[in-house]
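Consider the single chain below, provided in structure tokens and representing the form predicted on its own.
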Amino acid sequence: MNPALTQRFPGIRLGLIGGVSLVLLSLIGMVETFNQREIISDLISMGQTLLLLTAVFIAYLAAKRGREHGRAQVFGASITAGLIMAGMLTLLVLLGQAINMRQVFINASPVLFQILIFQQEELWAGIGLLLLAGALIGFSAALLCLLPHWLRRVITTGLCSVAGVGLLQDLIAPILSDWSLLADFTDLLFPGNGLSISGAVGLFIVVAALSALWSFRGQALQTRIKALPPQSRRGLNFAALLAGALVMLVLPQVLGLFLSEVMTIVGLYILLGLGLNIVVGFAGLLDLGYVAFFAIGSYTVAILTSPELGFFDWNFWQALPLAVLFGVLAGVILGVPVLKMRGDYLAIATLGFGEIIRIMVLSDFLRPWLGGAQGIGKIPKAAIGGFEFATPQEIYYLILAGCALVGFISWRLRDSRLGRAWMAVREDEDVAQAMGIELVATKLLAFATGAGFSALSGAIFATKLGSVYPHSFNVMISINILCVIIVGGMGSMPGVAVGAIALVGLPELLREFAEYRLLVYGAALMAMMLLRPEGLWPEATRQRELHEEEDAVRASKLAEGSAGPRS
């Protein structure tokens, strides 16, 4: 295709990209599988929502690209993209009617084609509705692009809240039903499979109103808070911190057993993410063997506490310091041979270290001490006095204490002399060394600190499950933790929590769709690289660095525009 044509008419290229994406989502089975759950009862399903959100996103990008050429181009590009996407789905439906596609694509079923043509008995009536839907999606995306920023945010926030509540209805409805005062409200909101139409409209109005209120009053409120005396600001921060701590303490009792289990898994990833954030986010050392330290902490606690092996009879609290110590030592051992490596070479070397640990655990030679492929069981639970951390609602508090400790240490290290040295090494090792920073000690401390945090998480993981197995420590754990940091924001501690919730918590809540987890990971990472490369909750310095070029281009355009009339 002619590059000049696609640049002048961005709706063509983006429409083709969106059409291929929609066809792919349909043929891999996501649309049909997700269609079993309704977002709004008798109106729109989760599968249709998936197609709709993808189409709106692509059409909005087309409208945004066309904004440089005027309002007419915005509507033209967006509607063109919408029609092309609908046209490619139409071709899929017609092809499915002409030949048996299930010999190649098992998910190309009649049920899928009925979903695409809106359950219409007449094929051409359904195709007409599909093309009309494409045009309406393009028109709506163009309107959304032309709206003021605050109004666009209000509308998208309200719609996303409806989609999110409808998606998580099986979890939200039981929680609300446990409160007798909210039982009638729950029946009104969730009459069956999905939100009621009145409930969806009411939820949209409430969330949109709150978003609009924040848009108009939020900046003024932040300004007033910044204008407070330092002592008053500290008191306000302490009160907010105390309120957040109280909410976190009562959360398991409110959410129940299943959601408490999800929070424990998210908490473990936050612990791991905070450790890897020091190595990758602060010091800029790409470590793909991070799971090895997680395994070392788990196996140390298992060997010292499990009666199955019979070597020791320690409790969890006696074994925990030794597990962290062994993790720190392993971090130093890993760091020494890779001190001269950077970038891809460092990633490959650390990946090899992680595989070495996994193979050693699986080896027959170490089986009498490490259990081999059968692992180690009968690991006792952590206990304080007569209180035992046994259920997910109890283990949650152990993990919360670990996250609080590791978060506090990371926060203190970030602005310390050592933290600034790590960030200098991340920016440029040669310049950092020229400024007098000792690279050997700085790198080894980064590896050791991150490894210690990972071993702490591994120790809690072992006592949580009561057993450890080698397959729990494959390389995908390291990759998942790295994804959490990238999506949350490299070097950002709040970003680690946000990334863990987004990439670990949400898939755990939707276990019935677990086969598409890796696809969602890939799509989320691609979207992050394109739309928000700094992450969901970025570090301020990194955000400025990533947007320096964009700001420079914008400033030059403004300068040219202001200089035009004078000339």
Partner chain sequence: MLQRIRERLNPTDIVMWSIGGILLIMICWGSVATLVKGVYSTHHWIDFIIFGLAQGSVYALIAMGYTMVYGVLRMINFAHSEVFMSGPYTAYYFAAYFYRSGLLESHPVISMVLVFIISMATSTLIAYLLELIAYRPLRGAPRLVPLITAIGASFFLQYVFKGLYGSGFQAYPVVKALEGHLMVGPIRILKFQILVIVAAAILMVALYQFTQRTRLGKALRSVSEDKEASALMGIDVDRMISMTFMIGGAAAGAAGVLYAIMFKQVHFFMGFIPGIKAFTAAVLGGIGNIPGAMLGGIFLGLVESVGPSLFLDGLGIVAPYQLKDAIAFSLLVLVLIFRPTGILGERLAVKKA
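Rigid core: the largest C-alpha set superposing within 1.5 Å between the two forms. Positions refer to the first chain, counted from 1. Because the structure is a prediction, the values reported are computed rather than measured.
Quick note: we don't show the form predicted together with the partner chain, though the next part is all about it.
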Problem - Joint contact, F105, V475 and L518 to the partner chain in the model of the complex, by non-hydrogen atom at 4.5 Å - result: yes
Completion exercise
Given 270 to 278, 355 to 363, 231 to 239, 89 to 97, the stretch touching the partner chain in the model of the complex at heavy atoms within 4.5 Å is 355 to 363
Fill in the blank from the handout: Exactly one of D344, E121, D313, D415 comes within 4.5 Å of the partner chain in the model of the complex through a heavy atom, and that residue is D344
Handout entry: Sole residue of C483, L304, V324, V74 within 4.5 Å of the partner chain in the model of the complex, by heavy atom
Key = C483
Handout entry: A523 within 4.5 Å of the partner chain in the model of the complex, heavy atoms
Key = yes
Exercise for the section: Tell me, yes or no, whether A125 is in contact with the partner chain in the model of the complex, where a contact means a heavy atom of each within 4.5 Å. Expected result: no
Problem - Touches the partner chain in the model of the complex: K340 (any heavy atom, 4.5 Å) - result: yes
Exercise for the section: Answer with yes or no whether L506 is in contact with the partner chain in the model of the complex, where contact means some heavy atom within 4.5 Å. Expected result: no
Fill in the blank from the handout: Checked 25 to 48 against the partner chain in the model of the complex; residues with a heavy atom within 4.5 Å, sequence order, are L27, I28
Problem - Per-residue C-alpha change between the shown form and the other one, V31, threshold 2 Å, rigid core fit - result: yes
Practice task
Take the rigid core as the frame of reference and indicate whether the C-alpha of L320 shifts by 2 Å or more between the shown form and the other one.
Solution key: no
Handout entry: Exceeds or equals 2 Å, Cα of M528 between the shown form and the other one, core fit
Key = yes
